[in-house]
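What follows is one chain in structure tokens, specifically the form predicted alone.
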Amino acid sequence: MANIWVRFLVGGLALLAAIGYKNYLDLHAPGKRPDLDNKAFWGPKSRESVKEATVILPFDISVKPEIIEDLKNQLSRPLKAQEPLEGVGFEYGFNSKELAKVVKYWRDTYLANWDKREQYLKKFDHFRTEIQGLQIHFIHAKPTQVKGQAPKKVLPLLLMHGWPGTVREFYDFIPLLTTPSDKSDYVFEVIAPSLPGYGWSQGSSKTGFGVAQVAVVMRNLMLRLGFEKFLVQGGDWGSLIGSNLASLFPENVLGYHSNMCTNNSPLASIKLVLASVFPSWFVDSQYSDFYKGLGDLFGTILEEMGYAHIQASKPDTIGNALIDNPVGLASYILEKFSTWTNTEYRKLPDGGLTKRFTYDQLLDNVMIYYVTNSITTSMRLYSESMITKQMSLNVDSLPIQAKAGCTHFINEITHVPEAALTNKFPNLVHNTHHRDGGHFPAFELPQQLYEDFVAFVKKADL
């Protein structure tokens, strides 16, 4: 009788093991590419019958003088912000005493030198072209070669920002990419677009324009420019759009590099839960301080991600509150350059803003949102991406076949361990950790990001 029960037990365990293994294979199995319309029209209905203009034209980013004068007048109004609570830095948001300093500098120093700031923003060649009904702005920076030296190999690079960033983040990063260096055998021909709805790029007139659809537009932009194959680098939304692009169009992507690699597949979610319980199984002990588990993640969501909820649910409400409200706009945007650079900066009365950036750098970024009136359209990307219809495309279940590189800057909001990235990035050839830097490394530590990027390209052997 005992032998029968042993057989039942062994058989039951074998059956459970087989079911578990089958479920694991199902979770690990690559998904099916969604059927997206690569020519979908996202412009206003009034132009649907108009043939797309494929011409690529230089674009003048000059700002009308009356806009600057009006801004000066608005910044001259008395600031009625409430006094911060005693002993509080940025824990409650942007400290009003620091805000008064920013506004004074903006009005009296920055705008007094607007001609110089505007010329600085024009240092690269700007262009626009129509893609799927949208006027898309981009910087096109071509590489240089050094006379008398063997020419470097040139690779095209699609460089994408996120929110609340702009192409301004890349102004110190781009020259490193386009200038020959003894650190790399490559130079890069850089295409840095303003994402649709950001800065000088037109926003969609229709619903349903999430990260997958933006990825299609970005891919079509590169094809329009004559690049059939190219590299991708992105952070924030640029990371997610780039990941979607690499998953959907493997034939076009030479390699994918990101300072915010993510994986939202079911298998990755299971691994993240297990990594919180058994961290030593999933995380190299020397980098354990990067990966703080789900408890820390949930705490971060509660403390720092309220903006994402409101932008994913009511982007136009907060957008309307910030239109023609330069002080509110600066407060809303610049607070992220404090806490996302280093969450410890929340404890400081000035938010640590100038520990990594200058007021000029930060206000350049704010000005791009202000003069283009793009804050509302930029935030709609949240509402169009964080919905069931977009998530049901299941692009995260499509592995990125291109060689991939992920780099982790320690003060990034959250990190995904390599073990949870592998099913999304089966050709992950580069995974590095930096004990400095936060969410905006191209803006904050351009040299460090450049060195990481070229190290990835060397490993990828492109």
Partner chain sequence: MKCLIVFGLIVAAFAALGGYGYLVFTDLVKPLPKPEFNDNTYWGPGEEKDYKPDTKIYEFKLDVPQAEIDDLRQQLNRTLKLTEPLDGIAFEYGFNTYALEQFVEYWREKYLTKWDERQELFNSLKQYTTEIQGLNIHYIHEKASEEAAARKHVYPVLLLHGWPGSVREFYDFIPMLTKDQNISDYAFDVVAPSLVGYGWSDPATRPGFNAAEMATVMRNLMLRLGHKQFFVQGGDWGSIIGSNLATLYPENVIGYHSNMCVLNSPLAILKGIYASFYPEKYLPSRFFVDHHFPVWEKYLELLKESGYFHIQATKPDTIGAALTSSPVGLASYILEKFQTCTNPGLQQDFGAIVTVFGLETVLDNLMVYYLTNSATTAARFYLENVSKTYRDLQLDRVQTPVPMGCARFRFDLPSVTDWQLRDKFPNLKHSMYFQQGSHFAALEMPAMLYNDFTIFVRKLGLHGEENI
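Numbering follows the first chain given and starts at 1. None of these values were measured; they are calculated from a predicted model.
Separately, the form predicted together with its partner chain exists; it is not shown, and the next lines address it.
Taking non-hydrogen atoms only, Leu85 approaches its partner chain to within 4.5 angstroms in the predicted bound form. Among residues of the shown chain, Gly162 is not one whose heavy atoms approach its partner chain to within 4.5 Å in the predicted bound form. None of the heavy atoms of Lys152 is located within 4.5 Å of its partner chain in the predicted bound form.
With a 4.5 Å cutoff on heavy atoms, Lys80 counts as touching its partner chain in the predicted bound form. Residue in contact with its partner chain in the predicted bound form (any heavy atom within 4.5 Å), chosen from Tyr370, Phe230, Phe170, Tyr110: Tyr370. For the residues Asp364, Glu335, Glu98, Glu130, the 4.5 Å heavy atom test against its partner chain in the predicted bound form is passed only by Glu335.
The candidate stretches are 351-359, 179-187, 374-382, 243-251, and the one lying within 4.5 Å of its partner chain in the predicted bound form by heavy atoms is 374-382. Contacts between stretch 305-343 and its partner chain, counted in the predicted bound form as any heavy atom lying within 4.5 Å, involve Met305, Gly306, Tyr307, His309, Ile310, Ser313, Lys314, Pro315, Asp316, Thr317, Ile318, Asn320, Ala321, Leu322, Ile323, Asp324, Asn325, Val327, Gly328, Ser331, Tyr332, Glu335, Thr339, listed in sequence order.
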